[in-house]
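A single chain comes next, written as structure tokens; it is the form predicted alone.
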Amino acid sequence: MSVALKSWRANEGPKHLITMVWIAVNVFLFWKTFMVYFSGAQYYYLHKMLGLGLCISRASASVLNFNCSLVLLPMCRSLLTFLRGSQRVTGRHVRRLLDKSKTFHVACGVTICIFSVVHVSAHLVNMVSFSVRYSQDFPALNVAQYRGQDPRILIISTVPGVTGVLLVLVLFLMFTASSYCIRVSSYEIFWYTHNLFIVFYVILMVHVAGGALKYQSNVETHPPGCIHNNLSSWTNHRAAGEKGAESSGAPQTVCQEEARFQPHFPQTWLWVSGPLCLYCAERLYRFIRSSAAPVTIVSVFTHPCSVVELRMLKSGFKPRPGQYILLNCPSVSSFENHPFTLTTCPTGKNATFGIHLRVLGDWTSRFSQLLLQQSNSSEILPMMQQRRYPTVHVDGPFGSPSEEVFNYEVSLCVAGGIGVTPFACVLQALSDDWRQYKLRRLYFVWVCRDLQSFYWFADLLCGLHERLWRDNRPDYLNVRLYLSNAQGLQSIGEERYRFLSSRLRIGRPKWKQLFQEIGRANQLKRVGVFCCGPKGMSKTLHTLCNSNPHTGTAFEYNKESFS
């Protein structure tokens, strides 16, 4: 098998397999439900009244039930973290598949929106059919009160109609606020509207209990299309004509009793109750966990380029390098939780953990003001003389692709700007004891626009380099720093950062040459590629990982993405 095919199978194979299974289940549910309502005996009279609108509305409802049950599962962060940490339960390929949970969540959400449009459109046609094809022979089937009733009245006067309008409104707010531009410009709008999912599921349960569509419950004693003396002559004539067309010369069936109709027992709760209860239980567990143990802010540091470092202490908090947390500050917002990668994990010598946050949006701006409003100094104060910092709650830790860095013999970590944070904790763990890990060679590429950004972790990089030299492993770490903006060019002039100055390059990396170099140096090996940076950088690396480097080296791509 060619190297390119091996790389593609490792990077894309499991994802596409799951996608095909998911699509197949959606298609099967749609087609099966469509045929049941199209040719099912119990829906004969209802289908004659509504036509294809009935089949399409119910088929799309089956797809909606399926995806509404799946869309919550990728957001069970604690469950996914547990599966990632269970080495006996999941292998590396399965753990890498779990990293696609956010993508699967988005796919389910988009599918819900698409089939909601189909479902609503079909029911609008059904409302017109209920009005135009009002049945005097089977009044139990009617939703309209009389022939020709305004379909708009049917929508606002029935439980399924009113709740359907509310569901469309809530789904519209959630979908539009999930767009990339809104998430970047105003994350608060995205967060608050996305939590309307609770309202969505409550209304959904009421919506399916409306019982507008009914099925025939006595098919045995009243076969579809049979002739009944109590029915109108027009209905009997039409039934006889249809029966004659289906079987010429066959005797006409006489009804033993009148047709009886009753609404379906709601089935949506059977689909969504399990995942919904699991997600609610997980959220309750996370709330208790984050509130039970208090978080103490030990110190706050300011770094160049509007970056703030926060050191905290929490009893019983045992994260792994590469994981992230959700941070909540009630003084800023009682409900908002923002993800931050851990840049420092607790060790035997130091029980604190830390994050680096870049001040960009409204939340980080208000939070940094609360942290720094009393003093601009960045020294660590004794515990008895600590300043009063705002109260914070920490939820987590949660798994991320960066945890897999240690599970390869060779890894390539690529960071863009503040995207270096997932790898800072990895570098710190290697600095403490690199021998305990499977990793034997690390390529570290960091691209920044501002020279001052490299000072965020300059001491960490130099310290790790010196440690490896003392251990006679200078080839363990390969560092490449790229300054993409050369205006007002300066250099890292401090003597203690001579190592970084010698690794600094001007311009952007030549990714293809870099991959060829790594491939030649690590032939017949699997290289883990980890990226946290702009979309353009991520797309380029993803493409190169799936290409054939002609060296026998397989590159497995891992993208850092908070779920």
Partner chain sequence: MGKIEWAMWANEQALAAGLIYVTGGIVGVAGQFRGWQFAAFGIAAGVFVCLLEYPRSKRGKGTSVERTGQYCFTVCVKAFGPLTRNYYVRAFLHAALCVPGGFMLATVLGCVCLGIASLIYLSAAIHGEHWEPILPRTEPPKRVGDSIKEPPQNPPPRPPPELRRKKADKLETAAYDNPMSVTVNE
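Residue numbers count along the first chain shown, from 1. All values reported here derive from a predicted model rather than from experimental measurement. Between two forms, the rigid core is defined as the largest C-alpha subset superposing within 1.5 Å.
If you look for the form predicted in complex with its partner chain, you will not find it shown, but the lines that follow are about it.
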task: Only one of Ala177, Leu481, Val308, Ala429 comes within 4.5 Å of its partner chain in the predicted bound form by heavy atoms, so just point that one out.
output: Ala177
task: Counting non-hydrogen atoms within 4.5 angstroms of its partner chain in the predicted bound form, say which of Arg152, Arg449, His303, Arg283 makes the cut.
output: Arg152
Close approach of Asp459 to its partner chain in the predicted bound form, 4.5 Å, heavy atom: no
Its partner chain contact at Asp395 in the predicted bound form, heavy atom, 4.5 Å: no
query: Might Val168 be said to contact its partner chain in the predicted bound form, defining contact as any heavy atom within 4.5 Å?
result: yes
message: My question is simply whether Phe172 lines the interface with its partner chain in the predicted bound form - judged by any non-hydrogen atom within 4.5 Å.
response: yes
field: Option from 419 to 427, 345 to 353, 325 to 333, 100 to 108 whose residues, in the predicted bound form, bring a heavy atom within 4.5 Å of its partner chain
entry: 325 to 333
message: Checking a candidate spot here: are Val120, Val128 and Ser185 all in contact with its partner chain in the predicted bound form (at least one heavy atom each within 4.5 Å)?
response: yes
query: Is Ser334 among the residues whose Cα moves by 2 Å or more between this form and the one not shown after superposition of the rigid core?
result: yes
